[in-house]
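The chain below stands alone and is given as structure tokens, in the form predicted alone.
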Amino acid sequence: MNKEERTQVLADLVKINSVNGNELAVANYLHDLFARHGITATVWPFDGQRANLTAEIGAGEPILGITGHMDTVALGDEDRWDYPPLAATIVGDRLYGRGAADMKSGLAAQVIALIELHDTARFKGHVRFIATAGEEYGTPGANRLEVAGVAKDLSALVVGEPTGGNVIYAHSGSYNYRIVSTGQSVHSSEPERGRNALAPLIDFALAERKLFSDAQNDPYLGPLKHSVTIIRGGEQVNTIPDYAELWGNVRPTMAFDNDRVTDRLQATVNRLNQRDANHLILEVVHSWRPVASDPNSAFVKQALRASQQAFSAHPAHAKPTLGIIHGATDASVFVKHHHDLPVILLGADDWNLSHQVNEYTTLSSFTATVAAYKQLIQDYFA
């Protein structure tokens, strides 16, 4: 593709309103784009306007996975945007629009790289392209594909989240939980006749402060992060509440993973129930796993070398480096039954531009990312 054709693909994707729950239109667009270049892709629709898409380029083993999500966060207050969020307005080197950074620039770059490699007719290798629905909330698309086994035979995975060309070799998981407490409601003038549902949650919150104090630091991700973030209970100041709930978030690491987090939380709930005859129930709401690759591995070194070479042609951007983040991605789902899968994140522009008013990607970063993907894929199978 020439520069104009590449930019048109990116603009077309940004113009599609794929706010979480409306990914089918993107999947259909990519399906047709692949078809025009002789690549067979499969659209996997579900729940009305939702869909995943997969495509196989090449054959044999090993299989390199390339993944990106098709959904975006909400448009927000459109009056605060300098340019309409679905117009894909180009001003100088910037293309503005919802999802331009997170992550339609990465998605477009992945698709273009695969098409251009396929069009050469000289590509040797096997790449599985995986485009998902709902990464921004709940990962329903990735969960469906993981159950279907889309990641079970992958040898490595590249995630196209915005990284400014940096190679992210590890990220924390994300684990959300809720604890429900039930009691007995009475008038507050006689609290001894009832059972205050808030009291055991306060005990839990106090215990939670030191609950993971013995968790060893992860060599890549550092200490486990954890917080109680919501407590709800009570409806009237002179009534003992009979229901309350507490929510918390943990950022698991490879050194203290999701299973150990569950065990620790459940043991604490059991102890409080047994000690004071409380009625606490633990519910795991979301459990996304951490991912980590050896920064000294051949795969990570290949990715960094490819990105540095590609971005060197665009001196306005900083030289790519290695790094980690504490957010979670669809990779957290794809490693559920493949814990040692090597994973890197590599994409255009800055993670901090995501979800913002006036979100944008730079066309120079987008161009460099296409080149980085093409080089990495070829080096991986060399």
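All residue numbers are counted from 1 along the displayed sequence. Values in this document were obtained by computation on a predicted structure and should not be read as measured data.
Although it is not shown, the form predicted together with a further copy of the same chain is what the next lines describe.
- Site annotation in the predicted complex: the residue of Ile168, Leu265, Leu114, Ile240 reaching within 4.5 Å of a further copy of the same chain with a heavy atom is Ile240.
- Contact with a further copy of the same chain in the predicted complex, judged by any heavy atom within 4.5 Å, is made by just one of Arg80, Lys124, Arg232, His279: Arg232.
- In summary, the region of this chain contacting a further copy of the same chain in the predicted complex, judged by heavy atoms within 4.5 Å and restricted to 68 to 76, 99 to 107, 289 to 297, 192 to 200, corresponds to 192 to 200.
- a further copy of the same chain is not shown here, but in the predicted complex it comes within 4.5 Å of a heavy atom of Ser174.
- In the predicted complex, a further copy of the same chain lies within 4.5 Å of some heavy atom of Lys225.
- At least one heavy atom of Arg209 is located within 4.5 Å of a further copy of the same chain in the predicted complex.
- In the predicted complex, a further copy of the same chain lies farther than 4.5 Å from every heavy atom of Asn217.
- For the partner-free chain shown, nothing in 13 to 29 comes within 4.5 angstroms of a further copy of the same chain in the predicted complex, judged by any non-hydrogen atom.
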